[in-house]
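Below you'll find only one chain, the form predicted alone, shown as structure tokens.
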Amino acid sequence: MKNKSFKTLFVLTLLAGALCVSSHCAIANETNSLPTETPAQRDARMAWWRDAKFGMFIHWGVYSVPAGFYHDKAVSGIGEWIMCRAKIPMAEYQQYAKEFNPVKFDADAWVKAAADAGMKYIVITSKHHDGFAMFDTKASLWNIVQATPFAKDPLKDLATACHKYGVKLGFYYSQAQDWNNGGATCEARWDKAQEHSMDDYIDQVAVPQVKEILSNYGEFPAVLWWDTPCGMNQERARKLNDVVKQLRPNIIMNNRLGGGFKGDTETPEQHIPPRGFPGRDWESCMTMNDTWGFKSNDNNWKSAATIIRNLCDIASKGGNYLLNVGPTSQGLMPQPSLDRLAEVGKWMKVNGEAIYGTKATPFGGELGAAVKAKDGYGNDAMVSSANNWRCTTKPGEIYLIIFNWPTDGTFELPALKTKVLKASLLAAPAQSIAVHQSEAGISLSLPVKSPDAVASVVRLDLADKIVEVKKD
């Protein structure tokens, strides 16, 4: 992570021996959250998440009030870290809550925008590193109900809207870093008021609040997204993990709790691993611009084309895509975010079959790999080293996602162990595509013009359910 679109690096030796590399730092763990779970039980628990493929991350909190500026000066770095980056004293930072009044917040509109974009789940910051709780809590007065003129719990409205639209709701919770309630800071403290016992914070704030977010929202949360496990030794992490196992044994957790707890999902941030994480569930979280929390001066937006191709790339490697939106202090999603979500939604309505419920490419090697380059739209992206295409599978089906349509109309694949019965375009299923199959490989005769300038999908129907490539 070396450019401004990535969260600021920091290196800290954790008490647990882990390395904290970013504001969303992933760590290597060894202990599973459900050690007695059988493989079949795990598959059943993870099934909806694996099928979903596409979710919305929402970073929203008091930091949207300064929106990247402190004393009228722009603060570098990501928006939700402004208190730390500008070394704002606790008493001064807490005054922003008096200006946090998101009267334009519309949970129904938010969830509908996600659903229309083809997203199947939402993960929202219930508490970020500034310690401000975006829910009604008895463990701290520093929360949206008691410290702001808004005086309502938006997570309850989101839970209702998610149920309405059939979208799963998950909560991000910063379990270790808490710059206002006595948790870790991951960097040197800048205010004497922050000096506090980490164990007292875990017992008196983190554990009670995790119990609240797991208990007060009906069927949700379906996901619990931990972050930055600075100072999280095994004892502290176990206290939180035990609460989860007791209240929500079927919840999905990521790998950032700390203390040696492996969790369910790997969480690469702002990048797509060239070959994913074979044998592990994983989810790339990415911003649409350069920040997670809202910054009024960040207009470096990724194109809809980049977002669509990122989604295809991630699905082809067996992962999920968690795409971030940073709402304003008024409760509005930025219009550039909404515009891009709408464009992605149009593509997904035609081609979602090639994303949802799929598994990774069977071709592997260079055909399944990717390299970092410009994507043809002037944006950084992971692009294929072989013809700029991706592939996903379902039993008896292969989906070829073609970014750059071949100018001669010929598209070639390695040989398969099973016969291709039919080839068709998702955008024009009635249009016939000739298939030439031999021991040497497969050749498709495509139409001259691609159905979609960003990504066109060809479905191959196979004679056998098992999708295998012939080996030399």
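One rule holds for the numbers: they count along the sequence shown, beginning at 1. Everything numeric in this text was worked out from a predicted model, so none of it was measured.
Not pictured, yet referred to below: the form predicted in complex with ligand GLC.
Not displayed here, ligand GLC is kept clear of residue 403 by more than 4.5 Å at the level of heavy atoms in the predicted bound form.
Contact annotation for residue 172: at least one heavy atom lies within 4.5 Å of ligand GLC in the predicted bound form. Taking non-hydrogen atoms only, residue 153 never approaches ligand GLC to within 4.5 angstroms in the predicted bound form.
Residue 230 falls outside the set of residues with a heavy atom inside 4.5 Å of ligand GLC in the predicted bound form.
Residues within 4.5 angstroms of ligand GLC in the predicted bound form, judged by any non-hydrogen atom, belong to 123-131 and to none of the other stretches in 355-363, 105-113, 235-243, 123-131. Each of 78, 256 and 285 is positioned with at least one heavy atom within 4.5 Å of ligand GLC in the predicted bound form. Interface residue among 225, 220, 321, 347, judged by heavy atoms within 4.5 Å of ligand GLC in the predicted bound form: 225.
Listed residues 191, 266, 269, 343 were compared with ligand GLC in the predicted bound form; 269 is the one with a heavy atom within 4.5 Å. Residues in 194-209 all lack a heavy atom within 4.5 Å of ligand GLC in the predicted bound form.
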